[in-house]
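Quick heads-up: it's one chain on its own, the form predicted alone, in structure tokens.
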Amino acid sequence: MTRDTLDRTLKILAVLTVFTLPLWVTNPSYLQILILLFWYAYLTTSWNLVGGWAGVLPLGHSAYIGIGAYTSTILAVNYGISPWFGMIAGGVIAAIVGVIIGVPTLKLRGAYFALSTMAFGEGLRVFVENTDRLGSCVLNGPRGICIPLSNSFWNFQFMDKAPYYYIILIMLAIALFITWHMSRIRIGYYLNAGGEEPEAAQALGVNVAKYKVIAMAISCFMTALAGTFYAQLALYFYPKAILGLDLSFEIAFIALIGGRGTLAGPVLGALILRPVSEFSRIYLSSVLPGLHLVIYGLILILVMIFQPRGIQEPLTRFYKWFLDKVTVSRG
């Protein structure tokens, strides 16, 4: 067996394993953890389009998750519109908001851009928490929104966890494909150039600001879809949970630890960090709330010291070493 054949075989086995997991993992609690794991991987992949490839550090992406969740839920509860259509509407609104926010802020450098996105995200959370009704739309302020139970595909609700698992898995696959495709066309090259050496890219005629805004719009659209998914999965959400800075920080931590600006980094970061977060919340949240963020911070410090490009780089080297080792031993 050649190295390339072994590589393809292992990747096919990995894909088959992921797609058949609900067949042998039937415990709803474990399936819920897997669903949230892929949800975070999807979120971080969406964030990575602007936070990785464009070379900036947005820390307010929870705002777009909230826009997606509130838009689809209000359309469903108030007007009877299916969340499948509300999901797209939320994505479009989030993309428009992302462009409006991105046009002035993406010109900022370093911490100034991060602080501006944090201010927007926190400002939106405070606004929603202090608003019970916006026109005919009921927001319920800090109490949040409870979605009426209605088990049907049209209403994006299922009694079993397996459909949610496959939906988020397909969403993650699409997000990874979009990232992979963008990295191989002109916009990907321009984003990389503008993120690493903006002055040099501009000197060569690249409109850095334009392509960063495009990446921001795509990232916000995809992020809002995750908001709708979470709303239909939990059937209840409130501003602090879905618009809070904790969620924005967690997404950024996963990307930075996994490897921002890479295809596999967000997925690897979520695979490693999310189980730590879930189990710390399950067993220690009553004693030490927020411990998972402390753990993230410690891991981030260690990664930035020893692996500044993220854990994706050493894991990739190990995988290539493994392929070479197995191929040579069999040869």
Partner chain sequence: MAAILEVKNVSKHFGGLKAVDQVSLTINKGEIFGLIGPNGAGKSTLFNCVAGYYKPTMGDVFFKGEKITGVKPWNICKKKIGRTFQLVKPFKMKTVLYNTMVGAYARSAKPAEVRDMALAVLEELRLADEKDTLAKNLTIADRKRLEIARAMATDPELLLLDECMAGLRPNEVDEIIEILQGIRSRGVTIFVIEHIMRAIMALSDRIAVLQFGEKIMEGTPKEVSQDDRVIKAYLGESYVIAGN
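Numbering follows the first chain given and starts at 1. Keep in mind that this is a model prediction, so the values were computed, not measured.
The same protein has a further form, the form predicted together with its partner chain, not shown here; the description that follows concerns it.
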query	finding
Partner proximity in the model of the complex: Arg143 to its partner chain, non-hydrogen atom cutoff 4.5 Å	no
Its partner chain contact in the model of the complex: Phe158, any heavy atom under 4.5 Å	no
Close approach of Glu199 to its partner chain in the model of the complex, 4.5 Å, heavy atom	yes
In the model of the complex, Ser82 touching its partner chain (heavy atom, 4.5 Å)	no
Interface residue in the model of the complex among Val126, Ile100, Ala111, Ile185, criterion: non-hydrogen atom within 4.5 angstroms of its partner chain	Ile185
Contact residue in the model of the complex, from Ile214, Val206, Leu169, Leu225 (heavy atom within 4.5 Å of its partner chain)	Val206
Region of this chain that lies against its partner chain in the model of the complex, out of 90-98, 70-78, 236-244, 185-193 [heavy atom, 4.5 Å]	185-193
